[in-house]
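Have a look below at one chain only, the form predicted on its own, in structure tokens format.
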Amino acid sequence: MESESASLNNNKHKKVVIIGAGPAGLTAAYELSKEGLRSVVLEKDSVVGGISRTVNYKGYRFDIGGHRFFTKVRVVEDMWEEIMGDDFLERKRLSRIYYKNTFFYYPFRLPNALWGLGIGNSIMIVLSYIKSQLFPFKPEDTFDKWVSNRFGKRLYGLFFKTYTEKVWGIPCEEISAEWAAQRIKGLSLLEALKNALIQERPSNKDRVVKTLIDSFHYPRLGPGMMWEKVSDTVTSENSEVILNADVEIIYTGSGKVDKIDVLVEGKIQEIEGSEFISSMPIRELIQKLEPKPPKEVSHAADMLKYRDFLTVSLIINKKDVFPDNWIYIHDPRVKMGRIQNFKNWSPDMVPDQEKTCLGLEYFCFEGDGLWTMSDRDLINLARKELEIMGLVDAREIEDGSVVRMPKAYPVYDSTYLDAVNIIRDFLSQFRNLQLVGRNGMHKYNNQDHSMLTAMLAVKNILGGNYDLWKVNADQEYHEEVLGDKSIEPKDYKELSKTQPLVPVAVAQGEGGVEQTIISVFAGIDKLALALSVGAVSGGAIFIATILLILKGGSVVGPNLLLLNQYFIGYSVSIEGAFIGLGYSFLWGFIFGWLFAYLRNLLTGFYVYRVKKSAELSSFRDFIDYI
């Protein structure tokens, strides 16, 4: 009790400095405040929320990209509900793909997909898929190979190549396959067809894997509402959130971070702390260190790339434009990547229900033609592209606004992983510094995973020993309900050390669902079972024959003697006992081997089917993760 009390007293004296007021940074501050610990959050921008902010333009609210709230991490869901209460709306999802002047439901619906693609094209897609299964690309080291091996090259070229390259700005041949493996988690064309068929058959409703992609939660006034409330809560608990605070220098020494110089309102402030949590882009973090890190570390940081993002918000003088929450734009004629209809996310995002607010999303690099284009030119571009697609009459567009978001997405190119590993190894020497969040770890996490890294960072400050880099590292992660989400950490093994309240699927260790099933239904050694069954069968006949001989009598073993119809030369005699042993061993061996072979074959098929079933929702969310 005394040591526990001393530990609590030590924690009370800690001051935690948090860089960044996005979901990760504010989650860390919130968790610290619940433990009675003070923190100061430094935010470079003038608003909180990072990429999860909500912009208010003349009463019309819009996101920096649509932000669905869904998770299988219980502690994250609990925090959302705790903060938002009745303002946490449940919304139905409707999203489609716009391709060649045709709308395809996404997730796919079979009749709609066949009608839009045409029977001939659909047949070619299936043939291409068969070819990919017979002759897959090796090695599977890039995004194009990874997707083609699972969908066939034709479907990859039709649906995924154009959109992916529009989002990331580099050829698919230069995108790491690891990004696809982490974000998309395994899928195939067969699962797409299965999912589409199930969706079209109401009688099979109960067979559909339960996911949260058909509905989601959303704050009444957008995701920024969530993070504004968290910020208010944190500041009411004697902590600080300082906006327009630009970190200039991070001083290190003796294996820890000592202090930070921050530029606030044109003046440098020196901020000291006992613990530091950073969600700032990892490249910038390395550049701010003093003394400067070794050349190889600085070079690794310079190798990290980011994809930037801008939204053109248009106010449309029309009550209903289209019913979707959002639309994916796979049309190479236009530069936009997605269109969000924020009125369909929450009616309160629009002050006048007779009008509509659309968010047209453009992916770019900071400093390129799109990024440097004037707001007026961007609004005119958005107006023109809507007309090209026939979605909106330009005369109905009343007003518009532009918001630019630098470093929205960390890029997974062929060099990023080596660079991140070099930086991780270097930063591990600083015992009071933890990296969290998407940009803080250069890891394309969802909002819930970013929040989870922050929660575990706080646990480490309180004395835990969690590896934040293992959050969302399991290749089997997916969004299905595979078990009771209230399962406690004590029921987990390896992953409980890093993800204490996560889906059962994640908590299965490195092999995930498949490995768990294999461990339960381990393969039977065919030779061992064949020898065992043969030995038992032969021994049984041999012993039975000997016992009958010893018993003796006028009639010895008439029933057992019937075996000579199958075992040539068998009789109830010493010689026959050995003949029976030989025959029984041979047939027992054959049956034992066949049983083991068939059992292993069926178990392997079962493992494959369960694994594919567990991956089903990953396919349905494929484009969302791009």
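Just so it is clear, the model here is predicted, and its values are computed rather than measured. Numbering starts at 1 and runs along the sequence shown.
Unshown form predicted together with a small molecule; subsequent notes refer to it.
Residue contact check for R283: none of its heavy atoms lie within 4.5 Å of the small molecule in the predicted complex. Y106 falls outside the set of residues with a heavy atom inside 4.5 Å of the small molecule in the predicted complex. In the predicted complex, the small molecule sits within 4.5 Å of a heavy atom belonging to K288. Taking the partner from elsewhere, G65 is found to have a heavy atom lying within 4.5 Å of the small molecule in the predicted complex.
Heavy atoms within 4.5 Å of the small molecule in the predicted complex are found in one stretch of 273 to 281, 135 to 143, 414 to 422, 112 to 120, which is 273 to 281. The contact residue chosen from Y328, F309, Y156, F342 relative to the small molecule in the predicted complex is F309, the criterion being a non-hydrogen atom within 4.5 angstroms. Contact with the small molecule in the predicted complex, defined as a heavy atom within 4.5 Å, holds for exactly one of V572, I51, V55, I579, namely I51. For the three marked residues, T252, F426 and V458, no heavy atom of any sits within 4.5 Å of the small molecule in the predicted complex.
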